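Take a look at this single chain, the form predicted on its own, given in structure tokens.
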Amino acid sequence: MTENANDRSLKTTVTTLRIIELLRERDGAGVTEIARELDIAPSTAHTHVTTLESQEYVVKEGETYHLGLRFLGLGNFVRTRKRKFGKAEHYTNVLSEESERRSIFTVEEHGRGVYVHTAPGKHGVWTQSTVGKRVYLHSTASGKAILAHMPAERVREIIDRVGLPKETEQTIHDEEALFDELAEIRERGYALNVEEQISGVRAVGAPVLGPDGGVFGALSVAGPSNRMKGEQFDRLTEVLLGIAEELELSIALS
């Protein structure tokens, strides 16, 4: 069957996007590496990266191509185009200050969680929680807080799309078990991540609901497992729930 112009155009676009993702994952790559990793001809890889370079989306350092700062402007636009995201940034910082732990505001997009805002906290630990990072919803506290307030049909759509992969031995990977936990989350008001994403790290997350009752996102705090229990955990949970409620009120009044 002959490939038509629309098919070729779509394939070209997908290849360009795959190259962009590869440059991000590898923190730069040369033409040979791009061609090998994506199983395309070196001449095709060269055409794509030089086009991206001419449009100022990548820069060439020696023989290696890197993502350019033009993406910084695009990312900042995406993060600030909704006024509610700006409010979420403020309360993420407040949560970090009051909890003294790494704090994150997460939203769902295309079935994955996306870190929109993060703040380190005085006693925060590095968990690779950079802005823009995409994570599975079923293995994170914020993700489960979001899933718990979605219609069951939407949750099943997400499972069908991305699955329930195990990130650690503690990760829930059974659909029935996940729905049981989501029911518990709705009842108690917050979600837990007990070393389900990263071994040795626990987190607690609270949903942020919009005026219509739909889930807008979630706030979470994370820390070493040995510091996220007992009275200290109870205090962190109380702080988290209070600030999530303040953010909901701020959104409702805006």
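Note that residue numbering begins at 1 and tracks the sequence as displayed. What you see is a predicted model, and the numbers here were worked out from it, not measured in a lab.
In what follows, reference is made to the form predicted together with a further copy of the same chain, a form of this protein that is not presented.
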| field | Val204, Phe233 and Leu236 each touching a further copy of the same chain in the predicted complex (heavy atom, 4.5 Å) | value | no
| query | So in the predicted complex, does any heavy atom of Leu241 sit within 4.5 Å of a further copy of the same chain? | reply | no
| Tyr115: touches a further copy of the same chain in the predicted complex, heavy atom cutoff 4.5 angstroms | yes
| query | Is there any non-hydrogen atom of Val107 lying within 4.5 Å of a further copy of the same chain in the predicted complex? | reply | yes
| said: Quick check on Arg81: any heavy atom within 4.5 Å of a further copy of the same chain in the predicted complex? | reply: yes
| message | If the cut-off is 4.5 angstroms on heavy atoms, which of these, Ala177, Ala183, Ala152, Leu72, is the one near a further copy of the same chain in the predicted complex? | response | Leu72
| request: Sort through 204-212, 43-51, 184-192, 224-232 and report the only stretch with a non-hydrogen atom within 4.5 Å of a further copy of the same chain in the predicted complex. | output: 43-51
| Within 10-40, the residues that have a heavy atom no more than 4.5 Å from a further copy of the same chain in the predicted complex | Leu10, Thr12, Thr13, Val14, Thr16, Leu17, Ile20, Glu21, Leu23, Arg24, Asp27
